[in-house]
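Encoded as structure tokens, the following chain is the form predicted alone, with no partner shown.
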């Protein structure tokens, strides 16, 4: 049996604007993970997929073409060059909350691709799959989840490093001079990326000049955020988070629940706080220190957060 994992992620700067060619920064969240196992089924006539979290089990050949698990299995096997006529059982599970902006879909796909690559490498069939290849395979699957994905989820999760990303132009892993802490607070409200992205697109089509000006400002913040992280200017990172959140409010992707958590984090002493991901639900992130992490976490829970994760960005 071969086992592989993939972390979650949060977008630190640039969500939504990244779809329109602006830079974004995302970081891995290692406290939550997707897990995939690949096991040979000696008597099997095909591939069985087991989604443990939803208690589903089905044959690959019976799955719908728009089934994301089927898609990543098929594309990975095609890339490896072994085909789908395998006697395999592929099981997946995840501790990453779904539809909360933490990259659950990309993480599950990454874990599956990584597990399949490692499985056939162990059999001597193929060379290892690079993080670049896995990212590209997962990106194609992300189209099922998101319609027009930016590509940032698959990139940061496949590489498991902080990433500066511009769609169709560049992906750069960059250094963090001074590690910092993010508190991630879950509203408990699902936030399907595909829906939020399509709503913003319709608004952009109606008022292109207004929205492109906002996207430009968000892009500038992402550039300044990278510089601040590379120089260890953590207080500046917090200020930029607050400004990024203000701009996300302007494009209509916040919500009363998100606003309540952002305000609670700031009252608790966070250096900055913003929604993260598609918005209208999902998570907020708050920049905290060792001294403020407990108080901010408490304030977030009192404000209604269903879960609070503190992760270190290094």
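Being a predicted model, the structure only gives us computed values, none of them experimental. Positions refer to the first chain, counted from 1.
What follows is about the form predicted in complex with ligand MEV, which we do not show.
| message | Please identify the residue among 129, 224, 197, 171 with any heavy atom within 4.5 Å of ligand MEV in the predicted complex. | response | Filtering the options by heavy-atom distance leaves 197.
| field | Residue among 193, 76, 244, 135 with a heavy atom within 4.5 Å of ligand MEV in the predicted complex | value | None of the other options qualify; the answer is 193.
| said: Residue-level question: is residue 303 within 4.5 Å of ligand MEV in the predicted complex, judged on heavy atoms? | reply: Because no heavy atom of residue 303 falls inside 4.5 Å of ligand MEV in the predicted complex, the answer is no.
| message | Please tell me whether any heavy atom belonging to residue 152 falls inside 4.5 Å of a heavy atom of ligand MEV, as the geometry stands in the predicted complex. | response | Judged by the heavy-atom cut-off of 4.5 Å, residue 152 is in contact with ligand MEV in the predicted complex.
| field | ligand MEV contact at residue 18 in the predicted complex, heavy atom, 4.5 Å | value | It does: once ligand MEV is placed as it appears in the predicted complex, residue 18 has a heavy atom within 4.5 Å of it.
| Close approach of residue 277 to ligand MEV in the predicted complex, 4.5 Å, heavy atom | Yes.
| message | Please identify, from 152-160, 120-128, 231-239, 83-91, the stretch that has a heavy atom within 4.5 Å of ligand MEV in the predicted complex. | response | Only one stretch qualifies here: 152-160.
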